[in-house]
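So this first bit is one chain, no partners, the form predicted on its own, shown in structure tokens.
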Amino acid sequence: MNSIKVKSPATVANLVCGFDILGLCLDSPLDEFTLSITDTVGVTIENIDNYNLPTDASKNVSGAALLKMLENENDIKGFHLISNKIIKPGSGIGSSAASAAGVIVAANHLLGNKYSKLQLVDFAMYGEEVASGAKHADNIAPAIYGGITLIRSNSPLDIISIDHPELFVTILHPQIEVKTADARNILPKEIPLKNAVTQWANVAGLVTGFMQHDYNLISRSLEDVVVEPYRSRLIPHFYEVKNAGKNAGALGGGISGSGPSIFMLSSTAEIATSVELEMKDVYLRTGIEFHTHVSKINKEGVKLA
């Protein structure tokens, strides 16, 4: 096999109280990548979307991840990538992670699936470093593992898949830009111990709620006293949208990644659709353009097209 096509999913990171450690995988939207082994040294990139992303592999999220993988390979010289980005860069639903994870999984198939999922996450994190300046796995891990994942440690890398009940995710994506660097810089360098204890309890409650399939506990634990109070300032009408979603029956929700997307979790598809209507109603009154998505949790991650 010298060429392969994959579809790589959007993801939601942080999951309210799980800053940099929790993430989940969506069924849609999906990026599309076609990867081929070539006799040309390095990585060549052909973009067929309208986002004008760099074609210099070292400056491209997908390219940087593939270059790192090539450092471990002696039997092949390079890759050619045809990239069709559907997930808008800067949307807060893991666009860069979809790029890095998608091509790394594709490359692993071409190489006979020689690498473990943990190793694939490690390669893909080099792509995330290009995007945000930091190697983090909270979007990469769910994109590769599927489902809901916990990043217990980045160094050494330690990833745990978390069992969970059926859940549906509603996303509202305002068409504004929130740069990851800005979203990180706005955060406090220190937090009160009282807030830290509350956050730890909520993370423990959320993970327990997932594993015990306890919707009530999930709902009670979807509270963030550390990050959301600051990042919400970057997203117009954030609390109006969040409250509208909860009033429509959502378990809870918050900022997806570093924003600007807002996500809500629901126990049924019907509730998630009702939540979408209420979230849309808030933004239709603002004059700000937006997109919405409703998706169940994708338990597979990156898949062959």
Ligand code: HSE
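Small disclaimer: the values here were computed from a predicted structure and weren't measured. Numbers for residues come from their place in the sequence shown, where the first is 1.
The same protein also exists as the form predicted together with this ligand; that form is not shown, yet it is the one meant from here on.
J.: Using 4.5 Å between non-hydrogen atoms, is residue 295 touching this ligand in the predicted bound form?
T.: It does not: once this ligand is placed as it appears in the predicted bound form, residue 295 has no heavy atom within 4.5 Å of it.
J.: When the contact criterion is heavy atoms within 4.5 Å, does residue 261 count as touching this ligand in the predicted bound form?
T.: Result no; residue 261 lies far from this ligand in the predicted bound form.
J.: Looking at the partner-bound form in the predicted bound form, is residue 138 within 4.5 Å of this ligand by any heavy atom?
T.: Looking in the predicted bound form, residue contacts with this ligand include residue 138, since a heavy atom lies within 4.5 Å.
J.: I'd like to check something about residue 199: if you look in the predicted bound form, is any of its heavy atoms closer than or equal to 4.5 Å to a heavy atom of this ligand?
T.: Because no heavy atom of residue 199 falls inside 4.5 Å of this ligand in the predicted bound form, the answer is no.
J.: Pick from 107-115, 208-216, 176-184, 70-78: which stretch has a heavy atom within 4.5 Å of this ligand in the predicted bound form?
T.: Among the listed stretches, the partner-contacting one is 176-184.
J.: Heavy atoms within 4.5 Å of this ligand in the predicted bound form is the criterion; list the residues of 69-98 that meet it.
T.: Residues within 4.5 Å: none in this stretch.
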